[in-house]
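In structure tokens, the next block holds one chain alone, the form predicted alone.
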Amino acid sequence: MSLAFDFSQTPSFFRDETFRGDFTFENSPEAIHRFPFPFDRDQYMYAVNIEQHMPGPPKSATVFPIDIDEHYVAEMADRAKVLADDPLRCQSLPHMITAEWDLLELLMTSMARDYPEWFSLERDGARWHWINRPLGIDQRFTFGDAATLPHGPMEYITRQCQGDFCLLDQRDDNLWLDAGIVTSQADWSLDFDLGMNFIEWHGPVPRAHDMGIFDRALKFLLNLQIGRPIRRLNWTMTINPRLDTSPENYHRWGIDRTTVTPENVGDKVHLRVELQALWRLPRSNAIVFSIRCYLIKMRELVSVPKWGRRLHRVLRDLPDDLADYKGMTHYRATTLDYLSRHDDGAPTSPGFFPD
């Protein structure tokens, strides 16, 4: 599969944009209104906040289990660049190969079913034929035979699907991060965390351990059933629409936090939301943990009045240790000043969606 993406050959729905360098990313009005805004009230505190991964409202980010949107082709181009520079962003321990094939099946069948105009999958026993029209891929292969694909099964399909993916092996009453592809993460490292268990992996998160959140989440996940996926939203803030905010590249993006001014805050500061979903896989009994990143500029966010009011109140009242953990100490005051101009004090309606 080529690393060069020719946007002139892709359907016009997909945006020609960048997540580095000149940062030309932006959301269309339609993408703004389907953004998975993470706050259902005017304050925030850690919670398990898990729900069934059921179809959401029409045109929302959760209408299908796997969300393919206008940023698809550009995000896949960015992933290819990351992997070319740092192949260790995709790793899998040898015992996870069955889980890799499980993941390939989950993504191919979901994408072909829900987006038939872009993807198709034909299966004749172990002989499979996959077509990805936006990326110009036409691949015949033998399911279960990695030699018939240009990459391992996990890497092959996740080079074609938005979001990061972690495969969790269940053993010894715990979940172990034993495989994954992670190129759009919010300041954590697959290379560092590979082989850790669920509690170790979440070690840096403040407050949540004392509140027992991860113990309860682990107990719940150990009993996750096949065919009953779940989801939750997580969030942080990012300067510039940069997908790759990895520790490995902190020297490239960390300084961005000091560049926010009253003049550029509306375009530089982004709310970064992760739609996290988990599925039990059928052959391996592993769990796939998908982490789908969405970005929205402050200027775009305040075009939805309810969201502008609510984010101002959430960030204003956020405990300092959480603000520091989310990396917003340098620019929090400037962002609050901007958002305050879009908060008239009016009450906001319950729930995530625009009024």
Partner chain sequence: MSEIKSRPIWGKLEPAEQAAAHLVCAEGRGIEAVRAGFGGRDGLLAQATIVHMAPIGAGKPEGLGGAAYHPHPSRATALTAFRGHLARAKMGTQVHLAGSEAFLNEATTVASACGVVGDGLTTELCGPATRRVQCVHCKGMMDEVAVSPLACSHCGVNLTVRDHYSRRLGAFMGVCVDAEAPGVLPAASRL
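Positions refer to the first chain, counted from 1. Model, not experiment: these values are computed from the prediction.
What comes next is about the form predicted in complex with its partner chain, which is not displayed.
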task = Please name which of the stretches 133-141, 113-121, 67-75, 187-195 has residues with heavy atoms lying within 4.5 Å of its partner chain in the predicted complex.
result = 187-195
message = How about residue 316 - does it come within 4.5 Å of its partner chain in the predicted complex, if we only consider non-hydrogen atoms?
response = no
request  = Check whether residue 150 has any heavy atom within 4.5 Å of a heavy atom of its partner chain in the predicted complex, and answer yes or no.
outcome  = no
ask   = For residue 176, is any heavy atom within 4.5 Å of its partner chain in the predicted complex, or not?
value = yes
query = Is residue 159 one of the residues lying within 4.5 Å of its partner chain in the predicted complex, judged by heavy atom distances?
reply = no
ask   = Does its partner chain come within 4.5 Å of a heavy atom in each of 91, 203 and 250 in the predicted complex?
value = yes
remark   = Contact with its partner chain in the predicted complex, heavy atom within 4.5 Å, among 87, 254, 282, 212 goes to 254
remark   = Heavy atom within 4.5 Å of its partner chain in the predicted complex, from candidates 146, 126, 199, 226, belongs to 199
